[in-house]
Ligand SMILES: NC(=O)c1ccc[n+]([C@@H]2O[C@H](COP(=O)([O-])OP(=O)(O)OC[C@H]3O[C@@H](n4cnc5c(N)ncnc54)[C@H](OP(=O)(O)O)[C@@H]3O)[C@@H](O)[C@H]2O)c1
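One chain follows as structure tokens, the form predicted on its own.
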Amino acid sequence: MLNNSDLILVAGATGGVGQLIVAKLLEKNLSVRALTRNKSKAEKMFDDKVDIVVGDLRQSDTLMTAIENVNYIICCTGTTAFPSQRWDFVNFFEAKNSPQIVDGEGVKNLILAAPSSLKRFVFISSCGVLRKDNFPFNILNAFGVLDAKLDAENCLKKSGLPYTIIRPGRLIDGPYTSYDLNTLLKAKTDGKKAVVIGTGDNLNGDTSRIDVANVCIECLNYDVTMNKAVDIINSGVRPPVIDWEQLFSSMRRERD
């Protein structure tokens, strides 16, 4: 269970989900280290309230400072599923920021660098990784994003580290990448739908980035989520308060 003496490393801290995770950890008065490629962006976003470390998952030798003395790692890095400017093309056939390099090799570099004393490694993957040959996930996987995420999942499972894999549906709400910490702390889901939790990659639907951030943090307080892949979507009528204990305890015992 999380406590105030823990240090949580958030990889991809300035991204669409990462920034919300950082804000919610700070709201709980927890110690956060942000791993980012862009130090000035992180400084503007988080008001010097986190320990900012510059590193690049694509370059394993840049990760040693980031992992020092951390108790938890939440990895929410990623790139677009389809070719875009974010892929940082060298030429038509080569990109520096493709899913294979970021979602696959980059995440594996962080897993291999993680300390053996780690209490939990949380990795945001995607729904559809076990259904990537079926419609519509075969379209999403046209450029290999689900292949890369599944490869990283398998590396994490074999690593010996305690882990939780989060598999959200299509992300909605935000991203709030142009806002500051005060705005992030006030971010509320625009949807009116409840959180639905499952296992086995059987869920379909949209998922609020805010609820993805929430589940990444809340799962650390429950042993039932240890060494599990947790599916999450939004569906049904949203209650006034999300009961995470009940949601996690109701997870079906299925193969990941």
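Nothing here was measured: the structure is a model prediction, and the numbers come from that model. Sequential numbering from 1, following the sequence displayed.
There is also a form predicted in complex with this ligand; it is not shown, and the following applies to it.
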property	result
Proximity of residue 57 to this ligand in the model of the complex, heavy atoms at 4.5 Å	yes
4.5 Å heavy atom contact, residue 17 to this ligand in the model of the complex	yes
4.5 Å heavy atom contact, residue 131 and this ligand in the model of the complex	no
Partner proximity in the model of the complex: residue 95 to this ligand, non-hydrogen atom cutoff 4.5 Å	no
One stretch from 194 to 202, 219 to 227, 65 to 73, 29 to 37 that, in the model of the complex, holds residues within 4.5 Å of this ligand by heavy atom	29 to 37
Residues within 4.5 Å of this ligand in the model of the complex, restricted to 153 to 174 and counted by heavy atom	168, 169, 170, 171
